[in-house]
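Next up: just one chain, as structure tokens, the form predicted alone.
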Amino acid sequence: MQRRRRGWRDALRFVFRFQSYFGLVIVVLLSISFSPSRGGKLIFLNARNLSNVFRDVSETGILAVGMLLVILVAGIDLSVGSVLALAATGSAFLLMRSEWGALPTILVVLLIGLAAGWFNGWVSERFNVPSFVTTLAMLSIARGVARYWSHDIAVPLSYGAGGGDPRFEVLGERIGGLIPVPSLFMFGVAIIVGVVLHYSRFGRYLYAIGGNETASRLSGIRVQRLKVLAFMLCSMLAALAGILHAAQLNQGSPNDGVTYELNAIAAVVIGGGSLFGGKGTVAGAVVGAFILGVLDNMLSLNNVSSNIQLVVKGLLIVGAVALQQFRLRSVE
């Protein structure tokens, strides 16, 4: 009897360990099954459509990797969508109105993201304010600055004579017409952050802080400084996503990025990350982003309204959290 129970627990541990990958396979199979066809061929499997999925997932993937760093230390960042909008608007403004080059524009926008993250982390830690309150305030501040900066209108991007630096346009292009450049940034960010989390002292400390903050502090880990750094990296990656967003849409709008924070949080949770901190992987967060991206694509191909898509995402988050609780009770 005990052997059978142990075998059952081992099987559950295996399923939970790779739950995000199983989820992605299921969503892909459902997308193929329910894909409309054109000329006898499934639209979902069309190379251009798959390229669009990678392109759409890129921003969510980068946001999710940054969000993972904050969630690992038991925090939350609700401002990433607004920081993305501020970065996109700032990029377009600096390129078109201030006539800056691509490189200084990118560096300044990334610094703006770092500053937003420093504010989130410093206020949360210095004044012991819950991170969801601080980042909710930053959500409003960043959106307001973006609207003030652009006079509440989108700043269109053009290149060449009288336009912005044409090197910025490369960030939104597709290599060979199919491989979106933003997806290369997403995989690059994921690899770098994944290596840092698994092989550096900084990464191990983030997991330790999320697992037991008091014990981490007593063991000499500079908890406050590392949590502020996690918020700074999260916002900097949101700014990077905003730069790519502007390059892909050829504009920077202060009204973009609404509900993007929901996508980032959902990707981390669906990928196995725990909202209570200390658990989660970069690979899981990226796979979670792909699950959302493929799901969005499937629903769009079947003309399901965006409102229903939001409902589906909300239910996915609830389901993922419920699955985590079941995992804690039955396996661990």
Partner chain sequence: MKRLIPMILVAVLAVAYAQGDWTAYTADLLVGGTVKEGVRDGGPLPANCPAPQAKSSYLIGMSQANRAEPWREAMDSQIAAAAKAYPEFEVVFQDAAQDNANQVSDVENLLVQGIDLLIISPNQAAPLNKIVKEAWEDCIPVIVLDRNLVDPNYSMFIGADNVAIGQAAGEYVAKWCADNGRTDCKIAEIRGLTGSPPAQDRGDGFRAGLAAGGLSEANIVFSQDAEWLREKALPAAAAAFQAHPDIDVVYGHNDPMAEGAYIAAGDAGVDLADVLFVGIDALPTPDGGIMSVLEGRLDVTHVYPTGGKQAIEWAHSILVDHVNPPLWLVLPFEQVTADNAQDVCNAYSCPAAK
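Residue numbers count along the first chain shown, from 1. All values derive from a computational prediction rather than experimental measurement.
Note that the form predicted together with its partner chain isn't included here; everything after this is about it.
When its partner chain is placed as it is in the predicted bound form, are Arg48, Asn250 and Asn303 each within 4.5 Å of it, taking any non-hydrogen atom of the residue?
Yes: each residue has a heavy atom within 4.5 Å of the partner.
Contact segment among 117-125, 94-102, 241-249, 135-143, judged by heavy atoms lying within 4.5 Å of its partner chain in the predicted bound form:
That would be stretch 241-249.
Since only the chain is shown here, I'm wondering whether Leu275 would be in contact with its partner chain in the predicted bound form (any heavy atom pair within 4.5 Å).
Because no heavy atom of Leu275 falls inside 4.5 Å of its partner chain in the predicted bound form, the answer is no.
How about Gly160 - does it come within 4.5 Å of its partner chain in the predicted bound form, if we only consider non-hydrogen atoms?
The answer is no: Gly160 has no heavy atom within 4.5 Å of its partner chain.
Does at least one non-hydrogen atom of Asn52 fall within 4.5 angstroms of its partner chain in the predicted bound form?
Heavy-atom contact with its partner chain at 4.5 Å: present for Asn52.
Taking its partner chain as it sits in the predicted bound form, is Pro130 in contact with it (heavy atom to heavy atom, 4.5 Å or less)?
Close contact is absent here: in the predicted bound form, Pro130 is far from its partner chain, nothing within 4.5 Å, heavy atoms only.
Using heavy atoms only and a 4.5 Å cut-off, determine which of Val195, Ile153, Leu111, Leu178 is in contact with its partner chain in the predicted bound form.
Exactly one residue meets the criterion: Ile153.
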